[in-house]
Ligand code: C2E
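Encoded as structure tokens, the following chain is the form predicted on its own, with no partner shown.
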Amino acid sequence: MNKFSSNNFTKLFLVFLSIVIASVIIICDIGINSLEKGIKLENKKYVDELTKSVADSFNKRIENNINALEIIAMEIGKGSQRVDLESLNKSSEIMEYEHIYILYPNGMLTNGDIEIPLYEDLPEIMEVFEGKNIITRESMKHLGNDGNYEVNNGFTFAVPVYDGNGQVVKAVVACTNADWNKDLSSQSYFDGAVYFHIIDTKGNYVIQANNAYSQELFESDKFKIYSNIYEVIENNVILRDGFTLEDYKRAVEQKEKYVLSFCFRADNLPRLAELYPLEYGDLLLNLSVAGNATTLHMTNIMQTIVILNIVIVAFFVLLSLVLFLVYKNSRSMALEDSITKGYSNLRFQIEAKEKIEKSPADTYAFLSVNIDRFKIINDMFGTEKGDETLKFVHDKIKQHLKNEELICRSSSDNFDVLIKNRTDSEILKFLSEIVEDIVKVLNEKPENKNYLLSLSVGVYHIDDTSIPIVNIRDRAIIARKKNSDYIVKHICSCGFYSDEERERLREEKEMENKMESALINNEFVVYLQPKVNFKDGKFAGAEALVRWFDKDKGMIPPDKFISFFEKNGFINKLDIYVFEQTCKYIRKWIDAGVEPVPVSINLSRAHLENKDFLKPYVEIQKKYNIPSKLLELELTENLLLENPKEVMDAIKKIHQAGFLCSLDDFGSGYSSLNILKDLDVDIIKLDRAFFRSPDVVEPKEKIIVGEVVSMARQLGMMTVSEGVETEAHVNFLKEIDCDKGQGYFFSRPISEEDFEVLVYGRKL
């Protein structure tokens, strides 16, 4: 029996061992086959990651140069005595520039010792006076030691200098030498089998590869040298896998990512090249890698995985033990923040949750603390100095905490603090003591005297201990991000979470729960506010405005839900719904045989994030067969100021689709008459803010409105005045030849039926 059992055990063991060996072989075989099938895909992915990494290095280098100049420009704009022409010369020695100058709008360039006239013939640089940061390879003249002009073939950077009124009055200009970024272009990967160039959107080389591999390749007798990458491709390259030079050119001109498969005639070695747009100027990175370089890398990975499978099966118990020890060690590390050496976010959440849940309401207060503009510290002084600053702030706050109070760095430059609850005034005193301590330490070091470290704080008195810790933090963050209630010692802003925020969040949550069903159930109703032609007094159009008639609460005013829908993205659906309802109205009027008036519809900023935002609008217009001249899309002035390029592109697309385009709320922000020359809109809508008095007696008011209407007319734009509420408004607008008016003097927004009776004399 024992022998039988022993034999059976031996057999079972051999079977088990066979299964284990077979499993290892199968796993290895599957792994090899899968990796061989995916090796091409992994090659492409690896090249993409490498290209992005190199591009990020170039972008960071450019960003640092621009940030350094912006700091100098800010000091010059403030009239600081610390930034004079002599210090510019010193700055050029410290930074990577050969020269730093001050440029004036007349083209005069100076560094204190020399003046170089007539730089208006460099349009790429003079665009700095339009408020742009400039980076260009435009050759720049400067005066050499022998008194003659020399030409700098490096890069030129320029940033605007603003005066106290926000006007560009001069610029800071700096140029590098021709070897700038040579250290990046000479980097080597895979024993030099990877190289990269920087080109511009015309295909010209801006920086050429400089590592040993590229030099050996390009100096070959079979390789013809050109200054343009298109000529290199035509004369030295065989394109593979259906790629064409035309497609590559198109990608370069439009600054798009593009992956190319090719080989050089000189060595016939398969290669991949990736084109990657840089963030500044008209520059692109073109990275090339020999096919066998990443293939060898992936083969090594494959072999490693096969060996790893064998090791996992053969040493399962040992590996489990190691993993257990690693787990214990990593869990210990997870409880400490790597930078502050204080509590980690995980440990803080665990202990804070326990303290809050075990205590009555109002025992604790939660603070969200942020270091304002912390990114500038990293950019100016480096991440090491940034980490020191984070630890410094953490430690100063911690020194003021009691035994039962906690702090952790929750993310980047944000800190979570749990303190015993105090009154608002006591919390402000607590913050004041921390701020005084921080300022005192900073002022002890001369190099910190001119540096201001400011904080913003949000406070939530924890009156509900049942809510999760993440929601408690959110309430403190909301308090921090709102308009601050108090300013402490000039360098710390503090806001308190209140019942108003709680009620607003409750209302927003309720609206979010209802909005989809409200749209399906047609609870959103489109009202129309008429527009009147001043010349003949007839109705000449309308604006579509949405109202929400909730089945439980009745009408919800637009100011309650529009801004919230813009934040959560639902505004996209609502805008398209309003547009379709408007098209239904117009179709009804056309079918009834009346002459329909054009209707304007607001276009929210959220749409512009999608380059095909007009597609559903065009489909709806065609569905109802509405003449495009009857449809007008309105963009707000504030949107133009925030994203001018996106808005200009949107206006062009609106016109291409055949719709009219108007600029709404003109004059509500920081607009100037000068902005009109850059607009291609059909209609300017004057904001009601222009009319501060019902009788229009303010002379300046009359001059400004009259000038806007006159300039718009000369530029071929129609004008519509909003907020027309008195007869004096009407008489004045007629006097200055404003085209149309809209406001309560004529009619408030009304339902479709009431609009038809008012405009057409009957219900249609």
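As the structure is a computational prediction, the values presented were derived from the model and not from experiment. The numbering used is simple: start at 1 and walk along the sequence shown.
Another form exists, predicted in complex with the named molecule; not displayed. Remarks below refer to it.
Site annotation in the predicted complex: the residue of I207, M511, I571, L260 reaching within 4.5 Å of the named molecule with a heavy atom is I571. Proximity to the named molecule in the predicted complex, defined as a heavy atom within 4.5 Å, singles out one entry of V546, I233, I651, L639, which is V546. Using a 4.5 angstroms threshold between heavy atoms, A361 stays clear of the named molecule in the predicted complex.
Contact between A712 and the named molecule in the predicted complex is not found at the 4.5 Å heavy atom cutoff. Taking the partner from elsewhere, E274 is found to have every heavy atom lying beyond 4.5 Å of the named molecule in the predicted complex.
Mapping the unseen interface onto this chain, E632 falls outside it, with no heavy atom inside 4.5 Å of the named molecule in the predicted complex. Stretch-level contact analysis of 703 to 711, 66 to 74, 723 to 731, 49 to 57 against the named molecule in the predicted complex, using heavy atoms and a 4.5 Å limit, identifies 723 to 731. Taken together, the three residues D664, R688 and P749 all lie with some non-hydrogen atom within 4.5 angstroms of the named molecule in the predicted complex. In the predicted complex, the residues of 552 to 567 lying within 4.5 Å of the named molecule by at least one heavy atom are, in order, P558, D559, I562.
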